[in-house]
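The form predicted on its own is given below as one chain in structure tokens.
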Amino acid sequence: MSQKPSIPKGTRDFGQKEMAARNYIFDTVRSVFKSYGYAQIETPAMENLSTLLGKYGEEGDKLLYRILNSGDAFAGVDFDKPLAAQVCEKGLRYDLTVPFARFVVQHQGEISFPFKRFQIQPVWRADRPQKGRYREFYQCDVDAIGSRSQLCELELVQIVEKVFSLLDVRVCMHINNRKVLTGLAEVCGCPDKVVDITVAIDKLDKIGLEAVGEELRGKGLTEEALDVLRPVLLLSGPFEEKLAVMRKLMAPSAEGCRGLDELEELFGYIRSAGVQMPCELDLSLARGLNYYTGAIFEVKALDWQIGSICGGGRYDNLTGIFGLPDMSGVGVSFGADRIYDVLVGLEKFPAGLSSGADLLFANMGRDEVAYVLPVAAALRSEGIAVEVYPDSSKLKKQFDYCERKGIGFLSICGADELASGNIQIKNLASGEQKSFAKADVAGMVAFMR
């Protein structure tokens, strides 16, 4: 007995309904990116492991999918040495930002800076599948590289606001700065523990404050250090009040003060630009990726529990790893799969997305099909999606096909229509039916729009 087919956990099939909905997201995001002057690129699904390793922190490296070398990968292997490094030279990309940095360095002679690009491609992580967390998922990344101006950060805030406004999803953008976290480690008396603090704080929403404290104790933080850290993570109130508290706390740290200066500048831009989307200074926001150096962002839906649906930040040193120093960039990534889940949960997808066609010509026989084929071609040239049913089946079967696919208009042309030179079109939603001269393509288009 053959085994029932299946797919790996953490991956999903998408049928025509799901693809129509996903393309609605991709098209919306793409249109906003383009409206701000960003151009699309693509990079390979696989990268050299030397490109990927060491960019995401120790935990991120563990989630990389490694690809076994082609051919006899184990020929000549020394089993007394680490095996993975000998048999795997490539890996599936973990995100789109590191491949983008590699792309910038490799193609720097062809690029005009500042370089504004977007990518809409899948990424892979060997994570534990759970609600809202997949092993294969799409990211929609938008980045500007080659400028340190925080006007770039503002532009990303505006892009996020516009995308979710078009998708009709209420969101809040959480903002922090990695320099503030570095300063926090310094005032805690643990300047060498900034990565440990960042990694632990990044889990705050998932495991809670007490568990974060336990993890940090395990990393060597004292109770005195935790006493400094704990009230910062719990700090609430408007931006100005939080900033005033942090100014006093960060006075001994030049790096922390620079981070607060950057936050004050960015929030000033946000006010000046008239951004209506809620933007909150979230001092517990850490973003676990090691390459962030300045502003960091996360976006959460206000009406649906799923975690972050968009995130990103400023990185100053990423291209330097590949041989191009002093090339600062900033970007955000829209998690298409989580956004899809939010739109499904909130029932925000427009009606009629799943139909592949606007109009179906019923198949009434060979002569009738020959009669409607040129009309179908003319309508397609006017932007109407048209199907001609392939088989001369019973009309009920063809009606059912229309209904299952969500096709809004049906044309049944039989002997009478051939004799009169007309085309009958029926609106299946309203029941309205009209007859058009075969040459009146403009009239048919107007009726269906």
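Predicted model, so just to flag it, every value in this text is computed and none were measured. We call the rigid core the largest set of C-alpha positions that still match within 1.5 Å between the two forms. Numbering starts at 1 and follows the sequence shown.
The discussion below concerns the form predicted in complex with another copy of the chain, not included here.
Quick check on this chain: which one of 207, 254, 373, 302 has a heavy atom within 4.5 Å of another copy of the chain in the model of the complex?
Of the candidates 207, 254, 373, 302, 373 is the one lying within 4.5 Å of another copy of the chain in the model of the complex.
Work out which of 228, 369, 195, 346 lies within 4.5 Å of another copy of the chain in the model of the complex, going by heavy atoms.
None of the others qualify; the residue that does is 369.
Counting only non-hydrogen atoms and a 4.5 angstroms cut-off, does residue 12 reach another copy of the chain in the model of the complex?
Residue 12: contacts another copy of the chain in the model of the complex.
Evaluate residue 350 for contact with another copy of the chain in the model of the complex, applying a 4.5 angstroms cut-off between non-hydrogen atoms, and reply yes or no.
Answer no; every heavy atom of residue 350 is more than 4.5 Å from another copy of the chain in the model of the complex.
With a 4.5 Å heavy atom cut-off, would you call residue 188 a contact of another copy of the chain in the model of the complex?
Residue-level check for residue 188: no, no contact with another copy of the chain.
With heavy atoms only and a cut-off of 4.5 Å, decide whether residue 247 touches another copy of the chain in the model of the complex.
Contact with another copy of the chain, no.
Based on heavy atom distances of at most 4.5 Å to another copy of the chain in the model of the complex, which listed stretch, 304-312, 197-205, 167-175, 143-151, is the contact stretch?
So the stretch in question is 143-151.
Which of the residues spanning 65-102 lie within 4.5 Å of another copy of the chain in the model of the complex, based on heavy atoms?
Residues within 4.5 Å: 65, 66, 67, 68, 70, 74, 79, 83, 84, 87, 88, 90, 92, 102.
Taking the rigid core as the reference frame, tell me whether residue 66 has a CA displacement of 2 angstroms or more between the shown form and the other one.
Yes, the C-alpha position differs by at least 2 Å between the shown form and the other one.
Given a superposition on the rigid core, I'd like a yes or no on whether residue 93 shifts its C-alpha by 2 Å or more between the shown form and the other one.
Yes, because once the rigid core is superposed, the C-alpha of residue 93 moves 2 Å or more between the shown form and the other one.
Checking residue 44 here: with the core superposed, does its CA move 2 Å or more between the shown form and the other one?
For residue 44, whose C-alpha is compared between the shown form and the other one after core superposition, the shift is 2 Å or more.
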